[in-house]
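First, one chain by itself: the form predicted on its own, in structure tokens.
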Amino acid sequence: MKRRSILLAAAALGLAATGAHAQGTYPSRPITMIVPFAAGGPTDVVARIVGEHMSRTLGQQIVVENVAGAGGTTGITRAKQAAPDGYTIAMGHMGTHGAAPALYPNLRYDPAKDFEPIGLAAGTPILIVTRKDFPADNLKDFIEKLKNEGPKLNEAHAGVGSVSHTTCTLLASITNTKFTRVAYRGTGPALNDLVAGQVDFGCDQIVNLVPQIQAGTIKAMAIATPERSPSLPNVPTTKEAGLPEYQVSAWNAVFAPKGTPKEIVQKLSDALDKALDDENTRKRLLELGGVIPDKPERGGAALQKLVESEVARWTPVLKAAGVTAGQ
């Protein structure tokens, strides 16, 4: 019995050593980054840009897996349920980690409690955009159309709770208008139909829009930031265009399942930080109109505060609008 106890103790020590060694050599295989929307949307684009550089830093490929549905909450729920070992992470955003609690009464995760925050990846200003032949060339005329013909006009969004849906909900609230809302499985497919003229307008993140606006395949009415974007210097701000109340920017950030070891979270956070300091990565994000967070805005602690403040900000706005996931 004594010899058996010694053998069991030795085996346990061996397993512990193996576990410590495995953790110390993280990552030893590819990492999956869940993007909760279809390929081609702004969250997907940001994920692929920062993920590419993070892969080089970590020495293992970050593989993007698009899990679309329910305004991004399907993919984020899957991320929450993944093993907390650092091999499944997610690119969340304002919708999934700010607006979702107000929109989904039966949401299966708590944005502030069920994840380990890794870091903010990019800020993404919001634009109001229309199909290229929409009969309005400025924000004032566009809003007039909404007031007079709202129910006849189709707004494309990436699902209830997504950034595109949430920010257009805010637009409807501020302008006291109603319009027909058309849900897609991601901003990419929604934008495709906007370019094709199948829908009339949308509220979208700048990361997804610069090439189309520059090419003239869609029109930009205004950007919802205090200052114009260097990527789209000819697009007026909402303040300049006569709707100063409409000020909103989205964001994308990386999360790991709750319980992921602190050392692994820190390693991922450091890799993201290096990506945001990389000249080529910054250039790609800036060319798309993204806003790169300053050092104090990066890291897990800053992201945790951001999530908590966003939930507090969007909950009263969306509840007042009476919008739920069933609408």
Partner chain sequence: MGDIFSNLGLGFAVALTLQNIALCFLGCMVGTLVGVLPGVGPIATIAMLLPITFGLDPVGALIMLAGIYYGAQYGGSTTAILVNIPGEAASVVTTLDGHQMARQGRAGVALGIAAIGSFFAGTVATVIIAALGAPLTRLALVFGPAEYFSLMVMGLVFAVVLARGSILKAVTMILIGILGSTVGTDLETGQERMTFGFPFLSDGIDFAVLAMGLFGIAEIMRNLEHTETRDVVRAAIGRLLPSAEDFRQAAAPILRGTLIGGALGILPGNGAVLGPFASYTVEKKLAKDPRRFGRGAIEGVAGPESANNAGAQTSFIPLLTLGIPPNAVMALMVGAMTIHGIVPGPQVMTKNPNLFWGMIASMWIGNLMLLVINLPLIGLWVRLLKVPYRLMFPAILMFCCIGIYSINSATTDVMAIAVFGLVGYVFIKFGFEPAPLLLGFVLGKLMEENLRRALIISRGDMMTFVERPISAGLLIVAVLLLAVAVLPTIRKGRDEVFVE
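Quick caveat, the model's predicted, so the values are computed rather than measured. Residue numbers count along the first chain shown, from 1.
Here the subject shifts to the form predicted in complex with its partner chain, a form of this protein not shown in this document.
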| property | result |
| --- | --- |
| Proximity of Gly188 to its partner chain in the predicted complex, heavy atoms at 4.5 Å | yes |
| Exercise: Asn66 in contact with its partner chain in the predicted complex, heavy atom 4.5 Å | yes |
| Contact of Gly92 with its partner chain in the predicted complex (heavy atom, 4.5 Å) | no |
| Any non-hydrogen atom of Ala102 within 4.5 angstroms of its partner chain in the predicted complex | no |
| Contact at Leu153, Arg181 and Glu287 by its partner chain in the predicted complex, all three, heavy atom at most 4.5 Å | yes |
| Partner-proximal stretch of 246-254, 204-212, 116-124, 134-142 relative to its partner chain in the predicted complex, 4.5 angstroms, heavy atom | 204-212 |
| Contact residue in the predicted complex, chosen from Asn176, Asn234, Gln198, Asn148 - any heavy atom within 4.5 Å of its partner chain | Gln198 |
